[in-house]
Every structure is written in C-alpha cells, then in structure tokens.
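Form predicted alone, single chain, as structure tokens, below.
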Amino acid sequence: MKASLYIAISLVIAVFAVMPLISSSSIAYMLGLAFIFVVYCVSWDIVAGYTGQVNLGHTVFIGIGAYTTALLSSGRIGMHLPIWITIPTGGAIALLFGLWIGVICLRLKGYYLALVTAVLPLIFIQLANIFSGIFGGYEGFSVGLSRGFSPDISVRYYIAMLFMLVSIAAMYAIVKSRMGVKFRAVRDDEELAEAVGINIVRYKLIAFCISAFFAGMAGAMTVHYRLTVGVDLFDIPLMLAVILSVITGGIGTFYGAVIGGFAIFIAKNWFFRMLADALPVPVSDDLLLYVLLIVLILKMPEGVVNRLEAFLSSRSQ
C-alpha cells in the first residue's frame, strides 16, 4: 500500500512539474495559488484535525503573515527588507501571535473557543480600515513588481510548488512523530491523555503555534506571488473555504486536507464560476461553495479520503 501511495504521489508531482510547459500562463498562475492554499488547509488541520480544537480564526495568522511581509518589504513603513527575510518573519510574527492567543484561549473548549477565535479576523479587518494609511484600508495595497518572486509566471509557479512540498513534508513529519501521537491522544480523550501524563494545554499550544507559523508563511508567500495584500486574507469566505476543503478531504487524515484544499480551490475559482455564469439565475460562486459545504456535512461527514479507504477495504475483503 505504501509503495503504491509513493508512486501515486511521485506521478502527481511529475504532472505538476510539467504543467507550466503545457498549459497557459493563467492556468499556471491559478495552480500556483492553489499550492499555497493547500498549506492554509493543512496548517488548519493540525489544530482542528489532530488536537480537536475548533479554531475559526485561522485566517488571522494568514493575514498577519501577509501584512508583516508586505509592510517590511514594500517601503510603506520606511523599510525595504529582502523577501527572503520578510517571509519567515511573517511566519514568526504569526507564531508569536498564535502563542499569545493560545495562552489566552486554549483553556476554553467547544463553542467558547470557536466564538473567541471567530471574532479575531473581524477585529483585524476593522483595524486595517481604521489605520488605512498604513494597511491600505479595505482595498489593501500593492507591494510592487520588484517585490514579487519573478515577473515570469512559471518561476512563481515553481516557487509556490516547492513551498507547498516543503511545508507539507515538514507538517507530515510532525504529525507522524511522537508529538503527533500526543496531539491525537488529546483529540481522542483529554481526560485519559492527562491521566497518562500528557500536558494537554501544552500540546494544544504547540499545535496552535505550528499551525500559526505555517499559515503565516503561506500568507506571506501569497503576497509576493500575487503582488498585493488585502483584508481578503483575513475574511470569513476564506475561512469557510479552508473548512470546506478539510471536511471534503477528511479532517484529521492529512492527505484529506491536501486533496480537499486543491480540489476546492480549483472548483471555486474555475468550475463554480463557470457554473454560476451558465445558470439562468444570478448565483455567486461563493453561494455554490456554501451549498456544497452543507451537502457534504450531511452526506459525507467523514470526508472523501475516509470514504475511499472504507470502500477499498470492503472491496479487498
């Protein structure tokens, strides 16, 4: 099974590696954004899927990473730091904010944690508007062509692809380590985990910080990929898209977040837009996405990966 999985992954990577050579620049551009979006999804799954914490403010970390790199590199606050410094700085600032929020919030459970984290992106969106001279208001601002990865779409595509592969590999190593085992123990039964000596608050906080760091890095990558930063990196539709992606693939399965993230991003930015244009009544692509979320929760709450594994197991018996 593992050998066939590795072969399948290698084939998928090989296909993506040649995509800029056989597709248009617009398709390559969209796929590059999809790679970064996958990191959004996997980093959220670290907290939601592996420790069972309902964080509805994950876009805060994405936005903090994005605005940190944009402000430090664009000259808007008088600094023109190289992007190879500002991108990891964006991840580090998001991690520190995640640590601060985690210390305050992670003693809460269930709806209380969800409510507190859900409010955070709304606060940052309002701050971006109040201090519009710095953050550019609701419209955001451009970092300029000189602060992009490259004027060549293919180069940007390969940078985004490499970032996704390295980030996924790092997070996979974490969830398969002894630390990942403790994350799952906290998720499955907090009282039992605490009884066997696991500090549940500590491991929730570690997962929160790991999630924040990779989300912040991904937000920073987005800025230098698309050359703009805006409050859309904080907003609710992005959070819902991340949740839908992980649920679609299978929360807590790791591969599910990867598959779901890529599939939902492509569906939202290509298939649903085409479908919305083809329908006789005015319908937005976001509305179609939300309808799909409801249907999937009702019909396939375990996700595609778990459903597929169950099907293959039944066929092999």
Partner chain sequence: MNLVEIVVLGSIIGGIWALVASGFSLVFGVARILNFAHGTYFALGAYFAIVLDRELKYLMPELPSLIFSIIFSILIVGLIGVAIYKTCIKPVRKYEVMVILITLAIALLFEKILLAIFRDTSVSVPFPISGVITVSGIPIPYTRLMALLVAILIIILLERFINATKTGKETIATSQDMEASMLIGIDVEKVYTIVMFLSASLAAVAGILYSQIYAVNPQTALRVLIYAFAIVILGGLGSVRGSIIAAFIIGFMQVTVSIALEARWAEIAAMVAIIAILIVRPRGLMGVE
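Residue numbers count along the first chain shown, from 1. The structure presented is a predicted model; accordingly, all values stated were derived computationally and were not measured.
Separately, the form predicted together with the partner chain exists; it is not shown, and the next lines address it.
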Can you pick the stretch from 87 to 95, 125 to 133, 160 to 168, 178 to 186 whose heavy atoms fall within 4.5 Å of the partner chain in the predicted bound form?
125 to 133
Just checking whether residue 221 would be counted as a contact of the partner chain in the predicted bound form - the rule being heavy atoms within 4.5 angstroms.
no
Even though the partner chain is not shown here, does residue 155 get within 4.5 Å of it in the predicted bound form, heavy atoms only?
no
Classify residue 17 as contacting or not contacting the partner chain in the predicted bound form by the rule of any non-hydrogen atom within 4.5 angstroms, answering yes or no.
no
Decide whether residue 243 counts as a contact residue for the partner chain in the predicted bound form under a heavy atom distance cut-off of 4.5 Å.
yes
Each of 41, 83 and 217 having a non-hydrogen atom within 4.5 Å of the partner chain in the predicted bound form: is that the case here?
no
Partner-free chain; cross-checking the partner chain in the predicted bound form, the single residue of 201, 99, 114, 174 with a heavy atom within 4.5 Å is 114
Would you give me the residues of 53 to 91 that have any heavy atom within 4.5 Å of the partner chain in the predicted bound form, in order from first to last?
54, 56
